[in-house]
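Shown below, as structure tokens, is a lone chain in the form predicted on its own; questions about how it binds or moves come after it.
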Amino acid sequence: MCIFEESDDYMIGKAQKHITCATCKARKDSLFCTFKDDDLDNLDQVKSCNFIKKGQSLFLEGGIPRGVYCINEGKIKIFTRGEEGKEQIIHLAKQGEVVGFRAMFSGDPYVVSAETLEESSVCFIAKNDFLDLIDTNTILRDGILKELSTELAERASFVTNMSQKSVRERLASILLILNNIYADEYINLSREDLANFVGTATETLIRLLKDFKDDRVIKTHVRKIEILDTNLLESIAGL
């Protein structure tokens, strides 16, 4: 099934009313935040807008890059799979983020997969159109280079720090990250996905969440998590 084109790498998305870039609330947080007038018109001409249900794929590890995805609403998990098929979530993308553009430059298949965590509105720009935008817009090109450079440094620091932490410390660190991503909402992530983000077994995660609840660090609302004490979380995380 396919969101934007016929390929086994994609799942079906429902076409929706075209979202203009000029009125897109998420654009201020995206790589296209500096676009004005003709640039916005050109961007509108080459993109398609789609509503995608929870749990559907944007692209799959090993698939051939065919374009980029700008998140208008919703959240996307970026993950890899180990030898036994277990997921390791490496990033949660929120509205305003553009995903899939890193693979445009290497020409190699995707090294990660992307899947919706909730109902999402996503705009798609085909590879050739995206590369044309980069060629004709130096601000966009510079922004992408800066994004790639910053991400590389942050990812290296994140991996190093997480590898030196206990599971309890990693959970506290991830909850702080998620608290920032979900902003004014409760963290809404399945226990399995949260365990895959922390890098531990689901059973271990559930036990640690109970400990955090008993210590009044968090409060749960069915599967949603409310952070009660960020200072204590930072202390547990070693920050």
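What you see is a predicted model; the values in this text were computed from it and never measured. Note that residue numbering follows the sequence shown and begins at 1.
Missing here is the form predicted together with the DNA; even so, the following discussion is about that form.
> Does the DNA get within 4.5 angstroms of any non-hydrogen atom of Arg191 in the predicted bound form?
Residue-level check for Arg191: yes, a contact with the DNA.
> Give a yes or no for Ser166: in the predicted bound form, does one of its heavy atoms lie within 4.5 Å of a heavy atom belonging to the DNA?
Residue-level check for Ser166: yes, a contact with the DNA.
> Is Ala201 a contact residue for the DNA in the predicted bound form, using a 4.5 Å heavy atom cut-off?
Contact with the DNA, yes.
> Does at least one non-hydrogen atom of Lys213 fall within 4.5 angstroms of the DNA in the predicted bound form?
Although the DNA is absent here, Lys213 would touch it in the predicted bound form, with heavy atoms inside 4.5 Å.
> If contact means a heavy atom within 4.5 Å, which one of 55-63, 203-211, 172-180, 30-38 is the stretch that engages the DNA in the predicted bound form?
Going by heavy atoms within 4.5 Å, the stretch is 203-211.
> For the stretch 212-236, which residues lie within 4.5 Å of the DNA in the predicted bound form by non-hydrogen atom distance?
Stretch hits, in order: Lys213, Val222, Arg223.
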